[in-house]
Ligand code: PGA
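Take a look at this single chain in structure tokens; it is the form predicted on its own.
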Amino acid sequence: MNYLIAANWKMNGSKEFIESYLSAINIEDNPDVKMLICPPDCYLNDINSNAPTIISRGAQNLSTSSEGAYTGEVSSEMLIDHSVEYVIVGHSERREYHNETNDLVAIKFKRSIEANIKPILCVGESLEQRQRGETFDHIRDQIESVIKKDMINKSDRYVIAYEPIWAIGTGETATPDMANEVHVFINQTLYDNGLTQDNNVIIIYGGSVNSNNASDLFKMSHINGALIGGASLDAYEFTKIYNVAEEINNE
């Protein structure tokens, strides 16, 4: 698989929305370009009932525990019951609004790997960190908090999503060169820690991706798809972005 085009619906959606949305999605099976939808947990069953099997299912979060008195939490085992293949961990909104630390994100990452659910590890810097020249140090810390706890093996399958916080939902986006520079750094960080980017690891970009900028982003050497927020709520726009990836993959 060369590209992963993932939709993070965040806290949006309804049964009516899902029915209309999925009826507008028209794609063919392509093993090199995967479409993924991550709805709110309560709509996972609606995705399973209505989406074609070529669309992968994902969740937006998972618990650090497998069961117990954890009101409001969802375990990896519960996600598996809903055919979940991917789960987002460490999204900046979880880190900021729910005080998720690197250590907590690392535990969720490990829980996902152990459950054979592919984690999408989100990393990214704030505008202030970029302006202070701390982008690379910050992202290295976020990745190595997982790697150096021996939670990743060369055979594990996972995704790293670079999402500059200043570009999420703002309409701003890193230039393709800026984004690719960070992706190259992420790949080097994996290599420096004894892990290489191969078919088991995909590095994707997130931050105000749309059909107008997708082509320039996907043509970069180390950008293998996107984690898309707002634009993914429009089925036609999301399909356009997917089609861009497919066209580039076929070139």
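Position 1 is the first residue in the sequence shown; the rest follow in order. What you see is a predicted model, and the numbers here were worked out from it, not measured in a lab.
Another form exists, predicted in complex with this ligand; not displayed. Remarks below refer to it.
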Contact of G13 with this ligand in the predicted complex (heavy atom, 4.5 Å):
no
Is P176 one of the residues lying within 4.5 Å of this ligand in the predicted complex, judged by heavy atom distances?
no
Flag I139 as yes or no: does it have a non-hydrogen atom within 4.5 angstroms of any non-hydrogen atom of this ligand in the predicted complex?
no
Considering non-hydrogen atoms and a 4.5 Å limit, does this ligand approach S208 in the predicted complex?
yes
Segment assignment from 110-118, 149-157, 67-75, 91-99: heavy atom within 4.5 Å of this ligand in the predicted complex
91-99
Can you name the residues of 151-165 that have a non-hydrogen atom within 4.5 angstroms of this ligand in the predicted complex?
E163
